[in-house]
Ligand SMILES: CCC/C=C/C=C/C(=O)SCCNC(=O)CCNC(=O)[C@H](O)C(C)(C)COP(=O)(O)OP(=O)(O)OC[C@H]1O[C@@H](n2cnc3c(N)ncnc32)[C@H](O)[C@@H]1OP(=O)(O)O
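Next up: just one chain, as structure tokens, the form predicted alone.
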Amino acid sequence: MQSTRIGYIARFISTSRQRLADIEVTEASPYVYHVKLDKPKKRNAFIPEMWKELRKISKDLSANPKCRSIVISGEGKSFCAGIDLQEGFGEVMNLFENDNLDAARKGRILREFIRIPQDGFTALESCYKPIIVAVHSHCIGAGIDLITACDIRLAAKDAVFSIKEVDVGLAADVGTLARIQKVVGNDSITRELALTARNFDAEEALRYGLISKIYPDQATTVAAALEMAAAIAAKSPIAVQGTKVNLNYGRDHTVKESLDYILAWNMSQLNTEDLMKSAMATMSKEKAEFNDV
């Protein structure tokens, strides 16, 4: 199916200039949506408006019955070069220099400023639909925040990763430090990478467990992600979405709590026609067709 643009290019107006938060969403194949960070001149570096748009897109696709899986990639020379310091930190610097506000009031404003990117990436994790991310070239700072909120991470051979925040004078506060140890589970290497901010390549990321596969180049990585997304989209959406929800729950709770949760979940979700359709398809060696959710 030919990709068709469905129009998630959003323009944002600030007091100083017109800003363009570029995120393009296309339907790549039936039930598979492709979300592209499309700000190549800035190497897909984030500003607050991009996080707001990503949050909206994630929530829209989560509720869209015609979407069953999602691929995220980046246009241009980099997947994501982090935060646009010139634009993204301009508001923070103005806040620091504002002598009309005391420390408490500045803190309240800063809290909301930080919450915007947190919510933008948490929306990926909360989305019912599985998200596969295809990384190429630079995946720095906010790029790590983004991919650790996704379900499956694939990378091109040229991918370079860095938990960069200590080099700009802050502790990563948008998701990496909260999620990466649950994604990877190697505390020593995680602390080394977070505290040194050194670069690590795709081979090290694979050994580390941050990614699951390496491909020769960007195009091959994106194609592999779309193919995987299509395979997932062909399965029961009841089963797939329930699996994501319960994997996330199980990661953050005890075994007993997780068993009780899926017990309550499947009390209703096993009462689905998808179960019979899947069984019949397996016996007849034919492809099952599932209704939208």
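Quick note: we count residues from 1 along the sequence shown, nothing fancier. All of these numbers come straight from a predicted model, not from anything done at the bench.
Quick note: we don't show the form predicted together with this ligand, though the next part is all about it.
Taken together, A45, I83 and A142 are fully in contact with this ligand in the predicted complex: each brings a heavy atom within 4.5 Å. At a distance threshold of 4.5 angstroms between non-hydrogen atoms, E165 is in contact with this ligand in the predicted complex. Using a 4.5 angstroms threshold between heavy atoms, K256 stays clear of this ligand in the predicted complex. The closest heavy atom approach of E204 to this ligand in the predicted complex falls outside 4.5 Å. Proximity of D173 to this ligand in the predicted complex falls within the 4.5 Å heavy atom cutoff. Comment: 173 to 181 is the region of 210 to 218, 122 to 130, 188 to 196, 173 to 181 lying near this ligand in the predicted complex, near meaning a non-hydrogen atom within 4.5 Å.
Scanning 107 to 125 for heavy atoms within 4.5 Å of this ligand in the predicted complex gives F113, I114, P117 in sequence order.
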